[in-house]
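Form predicted alone, single chain, as structure tokens, below.
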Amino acid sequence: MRKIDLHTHTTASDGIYTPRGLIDLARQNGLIALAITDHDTVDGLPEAMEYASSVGFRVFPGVEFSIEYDTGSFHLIGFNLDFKNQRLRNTVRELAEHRGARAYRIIDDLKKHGIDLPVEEVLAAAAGGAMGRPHVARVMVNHGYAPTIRDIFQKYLVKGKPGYVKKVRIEFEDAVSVIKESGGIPVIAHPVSLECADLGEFESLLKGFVAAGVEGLEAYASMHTPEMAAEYLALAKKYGLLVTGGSDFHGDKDETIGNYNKDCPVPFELLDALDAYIAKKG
């Protein structure tokens, strides 16, 4: 069975596999195409694209921006972009600087609450990328503060808990603009995370997103049940949006690469639709 995954992360942000390692894992699991969409960075893409080319594997270069927005947790994916675009590179460099500074502030705040983490271990967990909350969480697990990363994020690092420091995020309009300027396709990631009261409320938001330049919707997302996926698929078709899907693979969150839900593969036909959309855009 041929498989794809259009939402994955590497050590360039908060995944545990290097770009090369992620591609090897994907190939071992029967995937023929992958989108690498690291958080607020494109640093892993040069290695990924070079290695993918050498082994005849398809990688769509992407990015996942955390958006400054007043409801829920809003992420915007940029698909198939030119990661060498200067404005994009400037944008992610600034975000990386903020991310690294935030990590030090998180470590300082944890220390005030009696949790003393060695900075060098957090740096090692980041594996050369900008430090972030997941790297802090992994080190906390290693030191026995909770058995899993999921448990860490229930007790620490979130609003109202030890180690919480507000994240600097890009404005929505700026994210759409930089994605489009770099030749990419702006796609709403895991829309259920916007925490709308119902589908009607989300549709109202979606109309504004589409008017602002969004071109796609991640209907098949790790946070979605198959029933949710069907509802978002219908909305995407209603507004003529590109449909995407992925595992949101990091490697340490009990995900299955190529599956958007534990037992549900990302529909393979999304690849043909993505190729057709890219060809139409020229």
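The first residue of the sequence shown is number 1, and the count goes up from there. Bear in mind the structure is a predicted one, so any value in this text is a computation, not a measurement.
A second form of this protein, the form predicted in complex with adenosine monophosphate (AMP), is not displayed here; the remarks below concern that form.
Asks: Taking adenosine monophosphate (AMP) as it sits in the model of the complex, is Lys253 in contact with it (heavy atom to heavy atom, 4.5 Å or less)?
Replies: Lys253 belongs to the contact set for adenosine monophosphate (AMP).
Asks: So in the model of the complex, does His224 come within 4.5 Å of adenosine monophosphate (AMP), heavy atom to heavy atom?
Replies: Contact with adenosine monophosphate (AMP), no.
Asks: Residue-level question: is Ala125 within 4.5 Å of adenosine monophosphate (AMP) in the model of the complex, judged on heavy atoms?
Replies: Outside the cut-off, so no.
Asks: With the partner left out here, check for me: in the model of the complex, does some heavy atom of Leu110 sit within 4.5 Å of adenosine monophosphate (AMP)?
Replies: Flag for Leu110 set to no.
Asks: Could you tell me which one of Arg89, Lys167, Arg105, His143 places a heavy atom within 4.5 Å of adenosine monophosphate (AMP) in the model of the complex?
Replies: Only one listed residue qualifies here, and that residue is Lys167.
Asks: Partner absent here, but in the model of the complex, which of 198 to 206, 126 to 134, 89 to 97, 110 to 118 has residues with a heavy atom within 4.5 Å of adenosine monophosphate (AMP)?
Replies: The contacting stretch is 126 to 134.
Asks: Of 142 to 167, which residues get within 4.5 Å of adenosine monophosphate (AMP) in the model of the complex if you count heavy atoms?
Replies: Counting only heavy atoms within 4.5 Å of adenosine monophosphate (AMP) in the model of the complex, the contacting residues of 142 to 167 are Ile149, Arg150, Phe153, Lys167.
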